[in-house]
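Taking the form predicted on its own, here's one chain by itself in structure tokens.
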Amino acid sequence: MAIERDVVGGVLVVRLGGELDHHAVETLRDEIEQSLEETRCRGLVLSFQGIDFMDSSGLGLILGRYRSVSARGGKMALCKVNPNLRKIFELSGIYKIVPVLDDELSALRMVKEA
């Protein structure tokens, strides 16, 4: 699992790569929470461009970060989701909870405006 973090205009952007399974989620969850604390960012964008595989624990990661960011009074968006993940997100109802945008810039704009 690869992770790249960046702060853009007060929003934490996390770019994910590799396989998002139950082994990776525990570490990733802690890293994202620590980054949110350290940067004091209220907004979060998760980019899935480099994700090759995701199981149900990835959905838990998304929903958990959504709750965490919402509790801080912030907003969250997902972006760069491949067709396979889009199907998983659609079936799971993620689209009803977290905005999913095509590109990082659009996701940043949505999180900043909200």
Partner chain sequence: MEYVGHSVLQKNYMYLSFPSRSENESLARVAVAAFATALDPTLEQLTELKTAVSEAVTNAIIHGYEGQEGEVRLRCAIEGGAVEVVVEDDGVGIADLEQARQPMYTSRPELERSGMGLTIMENFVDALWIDSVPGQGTCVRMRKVIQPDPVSQ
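Predicted model only: the values in this text are computed from it and were never measured. Residue numbers count along the first chain shown, from 1.
This next part talks about the form predicted in complex with its partner chain, which is not shown.
Asks: To verify the annotation, which of these, 49, 39, 84, 70, has a non-hydrogen atom within 4.5 Å of its partner chain in the predicted bound form?
Replies: Here the answer is residue option 84.
Asks: So in the predicted bound form, does any heavy atom of residue 21 sit within 4.5 Å of its partner chain?
Replies: Yes - in the predicted bound form, heavy atoms of residue 21 and its partner chain come within 4.5 Å of each other.
Asks: Does its partner chain get within 4.5 angstroms of any non-hydrogen atom of residue 92 in the predicted bound form?
Replies: Yes, contact at 4.5 Å.
Asks: Can any non-hydrogen atom of residue 65 be found within 4.5 angstroms of its partner chain in the predicted bound form?
Replies: Yes, residue 65 sits close enough to its partner chain in the predicted bound form that at least one of its heavy atoms falls within 4.5 Å.
Asks: Under a 4.5 Å heavy atom criterion, is residue 54 part of the interface with its partner chain in the predicted bound form?
Replies: Judged by the heavy-atom cut-off of 4.5 Å, residue 54 is in contact with its partner chain in the predicted bound form.
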